[in-house]
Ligand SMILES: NC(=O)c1ccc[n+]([C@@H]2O[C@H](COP(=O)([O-])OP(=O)(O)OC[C@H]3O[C@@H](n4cnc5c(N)ncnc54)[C@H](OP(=O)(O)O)[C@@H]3O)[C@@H](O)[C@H]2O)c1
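Shown here is one chain on its own, the form predicted alone, set out as structure tokens.
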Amino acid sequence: MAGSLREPKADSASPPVPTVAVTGGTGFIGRVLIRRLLQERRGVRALVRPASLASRFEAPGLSWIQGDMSCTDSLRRLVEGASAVIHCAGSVRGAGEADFFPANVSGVEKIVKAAGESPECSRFLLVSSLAARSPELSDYASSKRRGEEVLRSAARELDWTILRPPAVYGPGDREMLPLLQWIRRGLVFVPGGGDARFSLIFVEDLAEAVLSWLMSGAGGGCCFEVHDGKTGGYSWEEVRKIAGDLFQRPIHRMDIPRGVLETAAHVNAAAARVIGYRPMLTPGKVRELCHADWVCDNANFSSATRWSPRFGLREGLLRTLG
């Protein structure tokens, strides 16, 4: 049964603490964000799916609401009394549109509706993805764009903002960690022709960007990109050189032809449909990996919030793998 797992005790001698509602709180980005919000003395109420109860953590000022993005009652209790909602939850793995739609599209619609019905809630941040910039590439990218469109059309009186980060990495990450570990061992895998340029962001910088949005009050009705400050993004060769300098060893490059990736993706997607798991490597993901331009521009967001990133790739790799 959905319900509140822990509510902080009120202290009548202290002024009320502003409460922020967070989804995706047991995930990679959500955990870092919650801890950063608590450091700034923000009360946090976070949604936790029944399957993720073991992943929740306890901290003063943090309470959990059990439920998922399909549970209207849980979402109402999540946003009740909160001044802002930060929506981090989403699906990144799937064999088709049906795997992404519930969290990335209908989930956005449900929590926007709940936030709009709460008298105290005035601001809403959707942590989307840079993939939404190119929705034609994959079902995942399409679902992230559709989620953004839902927010734009359903927000009504809410002061909403969309944040599009590129690939996010850092301690606790499960998706990029295997690739980074191979780099530390001396091997960088390069998909397709290897001509792409891409931006990155360290998870602590992304959390700081969200906090800057919250505290500045800026960004209403805007969609922003954020990255680690590397103008023009990275090439795979630049990643190889940075890692070689950091780890003081040769980093060898292994190019994986696009055809090999596509064959593996089709086999993986077929197996997923038979066995019933949600794959990461799919034909759509291959199109994302081989896309030529995943470069971000920080200028608009930094101008609006005065946020600036602290961790370049070298520092981020050191904190992730050091």
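We number the residues from 1 along the sequence you see. Every value quoted in this text rests on a predicted model; they were computed, and no experiment measured them.
One more form of this protein, predicted in complex with the ligand, exists but is not displayed; see below.
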Sole residue of 219, 165, 192, 233 within 4.5 Å of the ligand in the model of the complex, by heavy atom:
165
Is residue 294 one of the residues lying within 4.5 Å of the ligand in the model of the complex, judged by heavy atom distances?
no
Contact between residue 27 and the ligand in the model of the complex at 4.5 Å, heavy atoms?
yes
So in the model of the complex, is the ligand close enough to residue 49 to count as touching (4.5 Å, heavy atoms)?
yes
Looking at the partner-bound form in the model of the complex, is residue 288 within 4.5 Å of the ligand by any heavy atom?
no
Honest question, do 92, 128 and 140 all end up within 4.5 Å of the ligand in the model of the complex by heavy atom distance?
yes
Only one of 67-75, 184-192, 150-158, 211-219 sits within 4.5 Å of the ligand in the model of the complex by heavy atom distance, namely 67-75
Residues in 141-156 close to the ligand in the model of the complex, defined by a heavy atom within 4.5 Å, in order:
144
